[in-house]
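There is one chain below, alone, in structure tokens, taken in the form predicted alone.
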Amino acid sequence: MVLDGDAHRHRKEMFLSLVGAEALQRFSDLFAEHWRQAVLRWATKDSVVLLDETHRVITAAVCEWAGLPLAPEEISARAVEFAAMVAGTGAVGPRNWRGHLLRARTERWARRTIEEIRSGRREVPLGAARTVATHRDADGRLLDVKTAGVELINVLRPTVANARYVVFAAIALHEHPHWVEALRNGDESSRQRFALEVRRVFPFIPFIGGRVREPFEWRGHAFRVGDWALMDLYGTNHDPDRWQAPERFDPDRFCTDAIDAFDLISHGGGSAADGHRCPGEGITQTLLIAAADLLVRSMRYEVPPQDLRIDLAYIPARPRSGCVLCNIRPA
């Protein structure tokens, strides 16, 4: 079910309540902790596929952040489920079918978790799981168990999807190695700019859809109430009328360029509170800042020859090789 109007805004307030500054810092700390543990494992292997490994790291971090820490043997299984759901987003055929199949398993886990929290059989700290389980819609009623389970997944799955952005950050460092030293010797603002530019340059979901609420005309086309319209995320982030040399990777453009809610729109346009913008944007930016720091400070590695091309027709986008790293050692 797709919510709209006041019901949509009320539900969105629940998600926005989860991403305050303190909560984001805690997520960043947990991500860094699980990443450093993973680096020790990676150092014992000849090579790793960074996309697959980052799915596991984020799954462990976000579930613990939500109040649902996973046993070591659970992490890989949940990561596979979330990754399949993400991969099936823009697909038809087997990739989509696999995503739906594994989603059913995750939904059973999420519903069981909601029931356990509500019955008192499972005590969880204040966080996403408890917030979703106890959330009441505008009519004052608890969400039904099925809906609450879906909304819990809607916190966890998109966060795990950020593994692609982490891989894009690694590719950016590989293709622009002077940024390794710049980040290693830089401050928080340099990592902030780097994260923004990764989100601007690299593709993820190329567009998002929305329904017309009020009729309007744009470039000679009349949009009627109820029409579906697509927002071109990738094209807007590479618009030469807005960005100087848009194909150039240049984090320092954010030193001088003031951006508004309709310039950098990798997570939609407008404000998160009342516009078509994802409430999880803060999580993505926080995670990318942490990942940039971890890639240059917590480990040393090599990038062997491989196919790092990114097919824009593959939704959500990913490098063909998944980004293989080798000769990993802790730093």
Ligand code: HEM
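Numbering starts at 1 and follows the sequence shown. As the structure is a computational prediction, the values presented were derived from the model and not from experiment.
Absent from the display: the form predicted together with the ligand. The rest refers to it.
Proximity to the ligand in the predicted complex, defined as a heavy atom within 4.5 Å, holds among Ala110, Val198, Val155, Val132 only for Val155. Residue Ala161 is the only one of Ala79, Ala170, Ala161, Ala148 with a heavy atom lying within 4.5 Å of the ligand in the predicted complex. Of the candidate stretches 302-310, 31-39, 268-276, 45-53, only 268-276 has residues whose heavy atoms lie within 4.5 Å of the ligand in the predicted complex. Residue contact check for Leu233: one or more of its heavy atoms lie within 4.5 Å of the ligand in the predicted complex. Among residues of the shown chain, Thr284 is one whose heavy atoms approach the ligand to within 4.5 Å in the predicted complex.
When the ligand is considered in the predicted complex, Val124 lies well away from it, no heavy atom lying within 4.5 Å. Contact annotation: Gly280 falls within 4.5 Å of the ligand in the predicted complex, judged by heavy atom distances. Three-residue candidate spot Lys12, Phe15 and Phe204; every residue lies within 4.5 angstroms of the ligand in the predicted complex by at least one non-hydrogen atom.
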